[in-house]
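Here we start with a single chain on its own, the form predicted alone, put down as structure tokens.
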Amino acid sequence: MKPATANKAPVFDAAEIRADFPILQQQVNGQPLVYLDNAATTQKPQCVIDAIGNYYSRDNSNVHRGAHALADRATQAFEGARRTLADFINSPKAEQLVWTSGTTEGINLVAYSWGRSNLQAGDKVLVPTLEHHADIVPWQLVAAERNAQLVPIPILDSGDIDLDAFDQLLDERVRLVALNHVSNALGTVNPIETVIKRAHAAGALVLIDAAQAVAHWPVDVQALGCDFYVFSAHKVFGPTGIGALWGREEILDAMPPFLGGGEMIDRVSFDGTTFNTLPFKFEAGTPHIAGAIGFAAAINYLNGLDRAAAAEHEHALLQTTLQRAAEVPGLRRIGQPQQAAGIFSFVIDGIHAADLGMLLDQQGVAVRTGHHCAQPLMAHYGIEGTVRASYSIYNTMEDVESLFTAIDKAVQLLS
């Protein structure tokens, strides 16, 4: 990040940021790597890689119960990481943040712990049509078990939630509304503040899937007023296999454990077991200690950037993409949401998405193709899948140009 001058705001230098990510300094198929698959997973800065390596080379030990120096250092780093994440989302208490393997496990934890304890026959869970499968299937399974209903919230052709239809669906049988903060398939930024207020007015809880949101702008769970907020490290420059569930303290306290084993207990006997306090009640077994430490390193890296400038940079990338896309014959953007994150999902007439993705890869451009774990959304648009280019802080305007140069060459070959 270049410093500000007396009269100018800081300039966001994506090329400078890019230098922090060693994986980007390579060629693929003889071409410089243009990585545009950030909605699937983001790359990792050297500081995150170093934090994980330092833990394994210096502090590797199990946490909480060891009576030696390594265990103490590991525990301090592990619980320090929890506090870092809690501060990052402005949680009132670090204990409200539960480690999970990722967003998917966080949703499943709520579905099976809260859902099994609270859903009754005839109750409803509302989920928008544009949701990721991870926010559909767990609720289908629990709803079937409890004789409840999973009800889709319609969307407009723009890719926005139909708020009028949502209002019509809200009644006294709706117990929970689950939705993503940002659609992984379209980039739609959902009006979660509005959804939360209306759901609460109807007596329902709200779970927010934030996997695609936390890397792009600051989040304040207290200001949002949601009941659950789940996200993953690997979408925010951290390692895979680690994520977090945040929940309101009184709700988490009332929920039964999700998994049984060590750490999540207070006392165990064959006559019965009592359980640990938050957050340990939901953290059975040895946790992903290195992952939590790497997660915190990623958050510290992100906190060191100008978040507003980064968001403006990603927005500029998307706007330039839309301008360039209008010049490509037969290219059709899927969804035109009122507000979008840096995700561009499209099809080209007469060309299969997988074929286009393969030819882009041959030119060093990495995109995602397919249904993006959002098959009901694809069915809404009457398509099997799309090509998806998704941007992050280290992408440049040159990356956008490389994408469309590669598309032009691919279209010529496939036409």
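The numbering used is simple: start at 1 and walk along the sequence shown. Quick caveat, the model's predicted, so the values are computed rather than measured.
Another form exists, predicted together with a small molecule; not displayed. Remarks below refer to it.
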Next on the checklist: Taking the small molecule as it sits in the model of the complex, is N190 near enough to touch it, meaning that at least one heavy atom pair lies within 4.5 angstroms?
Outcome noted: no
Checklist entry - Is there a non-hydrogen atom of G335 within 4.5 angstroms of a non-hydrogen atom of the small molecule in the model of the complex? => result no
Next on the checklist: Considering non-hydrogen atoms and a 4.5 Å limit, does the small molecule approach G102 in the model of the complex?
Outcome noted: yes
Next on the checklist: Taking the small molecule as it sits in the model of the complex, is A39 near enough to touch it, meaning that at least one heavy atom pair lies within 4.5 angstroms?
Outcome noted: yes
Checklist entry - Which pick from K281, R175, R82, H132 sits with a heavy atom within 4.5 Å of the small molecule in the model of the complex? => result H132
Checklist entry - Of these, L119, L97, V182, A310, which has a heavy atom no more than 4.5 Å from the small molecule in the model of the complex? => result V182
Next on the checklist: Please tell me whether the candidate spot formed by Q212, S232 and K235 is one where all three residues come within 4.5 Å of the small molecule in the model of the complex (heavy atoms).
Outcome noted: yes
Checklist entry - Residues in which of 266-274, 250-258, 182-190, 325-333 have heavy atoms within 4.5 Å of the small molecule in the model of the complex? => result 182-190
